[in-house]
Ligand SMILES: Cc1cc2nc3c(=O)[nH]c(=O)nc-3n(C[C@H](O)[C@H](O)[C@H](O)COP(=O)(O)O)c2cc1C
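Okay, here we've got a single chain as structure tokens, the form predicted on its own, with questions on binding and movement later.
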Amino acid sequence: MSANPRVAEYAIDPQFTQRWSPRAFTGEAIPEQTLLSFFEAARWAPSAYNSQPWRFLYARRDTPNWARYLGLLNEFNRSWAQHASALVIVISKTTFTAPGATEETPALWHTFDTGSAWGHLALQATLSGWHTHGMAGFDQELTRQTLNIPEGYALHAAVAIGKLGDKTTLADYLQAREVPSPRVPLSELVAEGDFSL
């Protein structure tokens, strides 16, 4: 991609418009230390009571877990994610122990906090020259069983990570979509005072 068609309405750091979710990946291996640096960035996300509910399970390509993780994706996502360098399952702990308490109670904000951590991961990947693509298209029950995820943890997404590849490796109908997606105007997302969107 030679030019980024995204234009921010207000001044922001370029990392935010440069991050996008391609499907064409090169299929090259990702060093474990590089991948762990993405999780390190996620670790520093904010969370209510500093409860840090996010959890990440991963497989790197050409390792024993790769086929198992690839098999968790639906057929559409598997068709292109097979060329990724790593696959990640994003989950979160649904309970926490409040400061001064001895028993766990529901963590009603675990999804909000985990989304923040995922955003940190995605931005660190982009800053490091890699790309991420989050996916809802995976079998949650099969994932829970296959990866031995206990009750008390919610499954949110699968993520493909890789180096940007040639879009001609994708099916014809996907090639036209292999560009950074636009965003709706800020005026449709933000309102001062009462809800008026």
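Everything numeric here is computed off the predicted structure, so don't read it as measured data. Just count from 1 along the sequence shown to find any residue number.
There is another form of this protein, the form predicted together with the ligand, and it is not shown here; the text below is about that form.
- Residue contact with the ligand in the predicted complex: residue 152 places no heavy atom within 4.5 Å of it.
- Using a 4.5 angstroms threshold between heavy atoms, residue 94 stays clear of the ligand in the predicted complex.
- Using a 4.5 Å cutoff between non-hydrogen atoms, residue 27 does not count as a contact of the ligand in the predicted complex.
- Of the heavy atoms in residue 181, some are within 4.5 Å of the ligand in the predicted complex.
- From the list 129-137, 42-50, 64-72, 28-36, the contact stretch for the ligand in the predicted complex under a 4.5 Å heavy atom rule is 129-137.
- For the three residues 80, 118 and 157, a heavy atom within 4.5 Å of the ligand turns up in the predicted complex in every case.
- In the predicted complex, the residues of 11-31 lying within 4.5 Å of the ligand by at least one heavy atom are, in order, 19, 20, 21, 23.
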